[in-house]
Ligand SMILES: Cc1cc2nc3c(=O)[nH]c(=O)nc-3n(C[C@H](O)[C@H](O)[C@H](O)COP(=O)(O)OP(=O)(O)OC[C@H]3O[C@@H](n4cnc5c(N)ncnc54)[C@H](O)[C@@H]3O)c2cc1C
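Just one chain follows, in the form predicted alone, and it is written as structure tokens.
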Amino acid sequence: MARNPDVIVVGGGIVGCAIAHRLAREGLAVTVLERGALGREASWAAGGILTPVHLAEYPGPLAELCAASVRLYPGLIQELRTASSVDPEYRVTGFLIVERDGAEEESNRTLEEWKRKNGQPVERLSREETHARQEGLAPSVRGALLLPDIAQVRNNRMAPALAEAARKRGVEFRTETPVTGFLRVPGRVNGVKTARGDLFAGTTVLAAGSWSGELLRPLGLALEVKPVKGQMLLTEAAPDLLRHTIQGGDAYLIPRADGKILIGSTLEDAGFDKRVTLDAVGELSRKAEGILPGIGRLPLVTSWAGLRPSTPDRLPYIGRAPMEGLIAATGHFRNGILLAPVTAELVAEILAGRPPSVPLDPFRPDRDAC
């Protein structure tokens, strides 16, 4: 008879795969259950920029969590390069935030002040310096802020890379296996129900993104997780067209190693609808043109949409749920790629009984997030 796992991870996005990989390093037997294919939900609808877009506006605990995860990334990437055949394309491309009006300039000055206060690299560029650094910018660009140390990963490759490395450590992945409920005894979760049968485990980790709240409702537990739709475009371009990731207002252009440029993204309250719309394609194209005129003439490779799991206070849920045997690791909104390493580390610390490397109280699943 097959042995029951020590831990079940519900959700096979980058957060779930990172948790499984990290727990396997602790010697735990882990099974990941994914309702569809690995990494095809919020992880697929991400840009892969390893910094929050509006970092200075983040709640303090979330900014601290992001910084802790950034520090973990180089070590994780180094491990994946030896343990996986999938290259996540981790590259330090820098982040150029352009200014075209007073509002964007003021936002940049707030971020610049925050960066200098926290001892993080930042450079203010004049109009001439900005246009010299990146050819083809819109004439309206009158300056920029450069964050030279910001890296990116190819978001759609991170979950497969983590999954391959985790499998080599004995993790079992079951895709196309929706979880339909939780197994429980009084006061405790001891596994999950699926269409393919029940599975028992000492601990269940909920990393199901936008579906987390619905899964918990039958237990009488409430996690305020809401799907926010994000649509993105991918274009062909010459590999040297963009030197940096570029942000202008709420739009960004991300250069990939093969020359493709990712254009993102929308934020839509559309429930669980993941269809791409012509309105969004047009909106993203117009915003990209406002940064880099002529980009709209580049060939469109593809477009897609995904659902980001948002919470009322913008903080993810990480920690033990009010019912024994259940840990939450969800609600990362637009920061799932960025926060996956630190989330995995915190879950490993919780299970091992070690002090958390980042204070967990702000992320408690039983907090009042409203």
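If you're wondering where the values come from, they're calculated on a predicted model, not measured in any experiment. The first residue of the shown sequence is 1; numbering continues from there.
Although not depicted, the form predicted together with the named molecule is the subject of the following passage.
Remark: of stretches 5 to 13, 358 to 366, 344 to 352, 20 to 28, the one touching the named molecule in the predicted bound form is 5 to 13 (heavy atom within 4.5 Å). The named molecule is not drawn, but in the predicted bound form it has a heavy atom within 4.5 Å of G230. Although the partner is absent from this view, W211 contacts the named molecule in the predicted bound form, with a non-hydrogen atom inside 4.5 angstroms. Although the partner is absent here, L162 sits far enough away that none of its heavy atoms falls within 4.5 Å of the named molecule in the predicted bound form. Proximity of L65 to the named molecule in the predicted bound form falls outside the 4.5 Å heavy atom cutoff. Within 4.5 angstroms of the named molecule in the predicted bound form, the stretch 322 to 339 places a non-hydrogen atom from each of H332, F333, R334, N335, G336, I337, L338, taken in sequence order.
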